[in-house]
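Before any questions on how it binds or moves, here is one chain, the form predicted alone, in structure tokens.
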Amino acid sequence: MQIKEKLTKIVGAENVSDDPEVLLSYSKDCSLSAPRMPNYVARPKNTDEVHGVVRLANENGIPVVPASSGIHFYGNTIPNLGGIVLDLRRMNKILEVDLYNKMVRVEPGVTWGQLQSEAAKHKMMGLCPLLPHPLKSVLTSHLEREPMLIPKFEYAGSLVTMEAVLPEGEVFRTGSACVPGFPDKSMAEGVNPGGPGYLSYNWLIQGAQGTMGVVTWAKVKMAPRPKIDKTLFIPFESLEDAIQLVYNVQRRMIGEECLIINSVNLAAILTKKWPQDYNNLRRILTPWTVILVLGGGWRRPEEKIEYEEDGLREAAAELHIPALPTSLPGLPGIERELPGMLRTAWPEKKTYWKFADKGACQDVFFYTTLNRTPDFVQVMNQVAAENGYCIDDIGIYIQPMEYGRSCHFECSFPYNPDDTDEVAMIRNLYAEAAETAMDMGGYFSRPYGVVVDMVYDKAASYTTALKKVKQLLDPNNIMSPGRLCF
């Protein structure tokens, strides 16, 4: 029996394809990675079908590449060695809304728009990255460790427990979700990430880009949706001054969403009419803006807003900041719109904000400390200029993490994907910018593309240990081969 026939027996004929046009759509994404065609696409609907496909692939030595989102940006779902792309978008159920523990259990095909709509019915919200694409999977964001907009300690480690099909076909659950009978016949609530034993096995699969297993559901944290909000747009000519305010604010544990963004990105997000509004906003916005949303919860929300405002005024007074604006020039009423925007996906009917200017965008992102970000901005500008890229087009987004103890630094380079010379320039710029940032101490916890070899070449002992773990779990090397250091 041929592989296609065996796949058909597992997931059904309508959910298997080897049509060249279908395969071509899975061979590339929005990254600079070289296209690679899979041999088959399979679309399972549940864990049993995922288990069947993985077992079939393992028995026949066929690569398996899981994909959850309807769009991908980093090349991590391109089948480098062919094989089966396991498209998990049919698995799109919200399995449980756990209000008592402020968590939700989702399958991999659940999108951000889907989750936030359901969570809002319960006065809750998922912890959301910055304006994700409407086709982006919630589970993919958590597995890729994307930074969330609320930098509170209690929201760190937002992926709590999960179920995964390991490369040889075993179904494995992490943390307290591993208790027999969970969730139907067990008192365990799946809310403790430790276990089996004393380990947190999430870290084995999270960030592994499909090389250690296929996650079929996960329990992730939610936050109470504020009853009232107050949005502040605090402008700065200097990034150093913006950073000092964020340090002061986060030390006092003030606010919900908090981020630093430059005028390029802020204009791209808030523009309603292209290109005239975009160019106008870029001209009138200050170089840097701290966006801070104060949120009043379910009980006595006005009093919470009031005392957070008092704390914010104290933080600003220490830095001699004269005003704390709640609006932006040229955008009346945006202070009322923005909290809702930040708590869901980008609208489906609008061009994605990172693509709106030139059609495509290449990001360089890593972890550092807030005080070092001005140095990285300077170096990114220098590398861009040396490669012939206009530094006025660079977008910068800085996301404080865990009350400002560190941050996610993201530098975006919009480009025209139809211009071969510009694509080649961006390819060189991306590699040089990543290498320079790494040499300066930027921590690339999520390496993609050319960054992979840079990271693993610098971590020999870690790479050796990781390969041993991979060999134990995936002796036939079927899970996303050719990715990371495998």
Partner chain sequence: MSIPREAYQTLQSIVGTEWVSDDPAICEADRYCSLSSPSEEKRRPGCSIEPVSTEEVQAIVKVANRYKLPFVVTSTYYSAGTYCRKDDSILIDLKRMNKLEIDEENLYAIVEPGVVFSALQADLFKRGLCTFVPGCGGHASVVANTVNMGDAPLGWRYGLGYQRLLGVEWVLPDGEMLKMGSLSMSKDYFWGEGPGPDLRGLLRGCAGHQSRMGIITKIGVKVFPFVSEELEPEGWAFRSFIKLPPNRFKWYNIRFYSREDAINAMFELGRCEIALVVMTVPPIFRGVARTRGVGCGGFWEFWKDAGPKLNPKQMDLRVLLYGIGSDKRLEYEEKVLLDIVKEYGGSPREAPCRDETNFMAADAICANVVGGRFSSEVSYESINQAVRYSKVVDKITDEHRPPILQEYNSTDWVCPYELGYIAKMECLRMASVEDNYALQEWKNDCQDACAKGGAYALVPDNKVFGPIWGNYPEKEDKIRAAFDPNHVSAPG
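Numbering follows the first chain given and starts at 1. Keep in mind that this is a model prediction, so the values were computed, not measured.
Absent from the display: the form predicted in complex with the partner chain. The rest refers to it.
Between the partner chain and the residues Pro224, Pro325, Gly359, Gly330, the one pair within 4.5 Å by heavy atoms in the predicted bound form involves Pro224.
For the candidate set Asn101, Asn416, Asn279, Thr351, a heavy atom within 4.5 Å of the partner chain in the predicted bound form is found for exactly one residue, namely Asn101. Within 4.5 Å of the partner chain in the predicted bound form, a heavy atom is found for all three of Gly197, Glu314 and Arg372. Within this chain, Phe236 is remote from the site of the partner chain in the predicted bound form, having no heavy atom within 4.5 Å. Using a 4.5 angstroms threshold between heavy atoms, Met438 counts as touching the partner chain in the predicted bound form.
Although the partner is absent here, Lys152 lies within 4.5 Å of the partner chain in the predicted bound form, judged by heavy atoms. By the criterion of a heavy atom within 4.5 Å, Asn46 is excluded from the residues contacting the partner chain in the predicted bound form. Look at 259 to 267, 336 to 344, 113 to 121, 93 to 101: in the predicted bound form, residues with non-hydrogen atoms within 4.5 angstroms of the partner chain sit in 93 to 101. Taking the partner chain as positioned in the predicted bound form, the residues of 446 to 469 that bring a heavy atom within 4.5 Å of it are, in sequence order, Pro447, Val455, Tyr456, Lys458, Ala459, Ser461, Tyr462, Ala465, Leu466, Lys468, Val469.
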